[in-house]
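The form predicted on its own is given below as one chain in structure tokens.
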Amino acid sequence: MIAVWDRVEPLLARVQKPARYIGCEDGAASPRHGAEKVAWLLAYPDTYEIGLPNQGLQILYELLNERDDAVAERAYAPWRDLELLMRQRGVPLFSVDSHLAAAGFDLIAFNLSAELVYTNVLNMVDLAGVPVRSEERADGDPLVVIGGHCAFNPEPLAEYVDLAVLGDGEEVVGEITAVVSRWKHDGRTPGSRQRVLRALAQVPGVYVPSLYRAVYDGPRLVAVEPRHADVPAVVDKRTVADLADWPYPKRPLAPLTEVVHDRLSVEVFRGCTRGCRFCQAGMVTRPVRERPPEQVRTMIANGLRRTGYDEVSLSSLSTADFSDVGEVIAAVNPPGCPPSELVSVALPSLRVDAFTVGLAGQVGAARRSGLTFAPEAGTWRLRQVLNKLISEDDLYGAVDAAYGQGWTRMKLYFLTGLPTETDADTLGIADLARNVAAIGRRYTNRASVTVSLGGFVPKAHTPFQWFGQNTTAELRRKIQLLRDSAGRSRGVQLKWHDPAATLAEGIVARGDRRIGRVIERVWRDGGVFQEWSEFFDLGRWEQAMAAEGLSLDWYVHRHRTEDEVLPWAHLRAGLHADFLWADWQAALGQAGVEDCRWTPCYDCGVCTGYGIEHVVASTVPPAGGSQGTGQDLRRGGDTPVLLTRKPEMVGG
């Protein structure tokens, strides 16, 4: 492998934030490469300060470096200033750990958390000196891998990646390593790349796009079918049954420079059963798997000691739903803890119906900055459509508890462009914000409310995957409507996501393989860092769609029908298609469904299909967190039960 530090170091004095590129973090591994080891380059397609806190990357980094047959390093997208110098001087993409050239690794694996980073994926592969299209890669080139939530529709990148991993990565990376290790041991002989891809396609959870063909009838996709008899027709996601088996990261990275979310992060559970119909993460990560509270406390204590942080974030899709959240927070700052030793606890994913006065006091023990709640919609009617079953009283009770405990700033997150949305729903956002600000003024004259408004993009494997996205003109009209109303409200500030970027995201989110050439055109036209407003240009996307003869309206704005073959139909997150369609119809009928952690099973397909049950640590739901009857733990019993894998249900 080729070290390039002597070529990188002279460039750092000429760029912004050179600390992005030097590594040396507390907790970083000391990679030891060898011919007998499979070398992974774990890449994040955005800047170091965005990618460094990513837990998925940190977990796999640590897991792989614990193995005898693997070694892992990290890479992040270089900022435009360094990239320009690298291309001028012929310096390839490199790892930040040992500053090794990316092309020398066996696999370059990207974590995809947002669609607009796809052009950065192509850019980093090209910067590595690896052919951008998979069909042009030789036996000696690295395998290009993608994972993360966006990988549940990998079709727009099908011509550019060698494999996509669906679901949890903790187990599958070891199985991929074993296959690639045999390939290396056999010498990566001419023509062997196709053989190793065929072998990788047999690993559960691994999708190899080149082994499938997309069949079209005019603009419509008819099928995505395997090219060979031994290639599975449907690829299922991987699911870790019990988080207790995976207490990672044990050595969290503490950077030398400022990053976003610059604090210790501990995952308290994975999955969500609240059933919010717009939420792809909640749908594809089912079932709920809580980490044992004692393990959470240990990870917090060890992580704080290792990193020196004085703030910890308890991460999940809905942290206040963690059945032992109060006890865990109390252990972070036990009674009698000196003020100078208090640790700030952040709950980044808060549901207002699970936020209590007691929890407000515990969370704010060290310092009270801002709190973020996500009502998502301005009226109860529309929240029923979303299955976001929180009432105005839930919201007002939560913010009253927070203001009463000394908080002064609230952020409320909403979506616009939702199915069945009316102007009354939009104006309801302003009403909620005004009322929240009024509650705050009862406690302090510094009370403020920031409304953050995002444009809705339908995502794969959700009940809303059939919905036609609002046009940019309609989104702008709704934003202006809300601006006019909220602008007259004391203490209320409105921020919104650019509708043009929402449109570009919509192009990719439900795109098929034909969208890949659009992404490539945008990239070749200079369209990198498309999540950054200073670099985003919708014109590039519109021109690329036109050049490929593709219709924006057809891909983004039209409604889909039940019988339409969706680009991800051959990839399964565990959810039955008929369950999703029935939930879509229930949404149109404004009918909600309750949290299946505490109520009877709705047979979405995940638990029965994968032989896995919800793993919860308490016999009762958190205060305010249950919408069910509380009769039995699994469907709600009075006896504590830890529900894990049921072998007899596999394939049921």
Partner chain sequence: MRVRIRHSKLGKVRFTSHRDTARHWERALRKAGLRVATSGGFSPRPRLSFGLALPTGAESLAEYLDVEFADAIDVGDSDVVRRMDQALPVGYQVLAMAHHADAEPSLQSDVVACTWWIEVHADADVDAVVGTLLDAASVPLERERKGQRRVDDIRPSIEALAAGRPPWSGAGTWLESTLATAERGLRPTELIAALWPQRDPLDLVSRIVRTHQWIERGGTRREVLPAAVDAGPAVVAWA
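Computed from a prediction, not measured in an experiment: that's the story for all the values here. Positions refer to the first chain, counted from 1.
There is also a form predicted in complex with its partner chain; it is not shown, and the following applies to it.
Asker: Under a 4.5 Å heavy atom criterion, is Asp26 part of the interface with its partner chain in the predicted complex?
Answerer: The answer is yes: Asp26 has a heavy atom within 4.5 Å of its partner chain.
Asker: Though only this chain appears here, would Trp183 touch its partner chain in the predicted complex if you measure heavy atom gaps against 4.5 Å?
Answerer: No, Trp183 sits far enough from its partner chain in the predicted complex that none of its heavy atoms falls within 4.5 Å.
Asker: Classify Thr257 as contacting or not contacting its partner chain in the predicted complex by the rule of any non-hydrogen atom within 4.5 angstroms, answering yes or no.
Answerer: Judged by the heavy-atom cut-off of 4.5 Å, Thr257 is in contact with its partner chain in the predicted complex.
Asker: Any chance Thr307 has a heavy atom within 4.5 Å of its partner chain in the predicted complex?
Answerer: Yes, contact at 4.5 Å.
Asker: Name the residue from Glu294, Glu564, Asp262, Glu474 that puts a heavy atom within 4.5 Å of its partner chain in the predicted complex.
Answerer: Selected option: Asp262.
Asker: Only one of Asp553, Glu341, Asp230, Asp393 gets a heavy atom within 4.5 Å of its partner chain in the predicted complex. Which one?
Answerer: Only one listed residue qualifies here, and that residue is Glu341.
Asker: Please determine, with the chain shown alone, which of 120-128, 299-307, 138-146, 277-285 has non-hydrogen atoms within 4.5 Å of its partner chain in the predicted complex.
Answerer: In the other structure, the partner sits against 299-307.
Asker: Where, within 9-41, is there a heavy atom within 4.5 Å of its partner chain in the predicted complex? Residue list please.
Answerer: Heavy-atom contacts within 4.5 Å come from Glu9, Leu12, Ala13, Arg14, Pro18, Ala19, Ile22, Cys24, Asp26.
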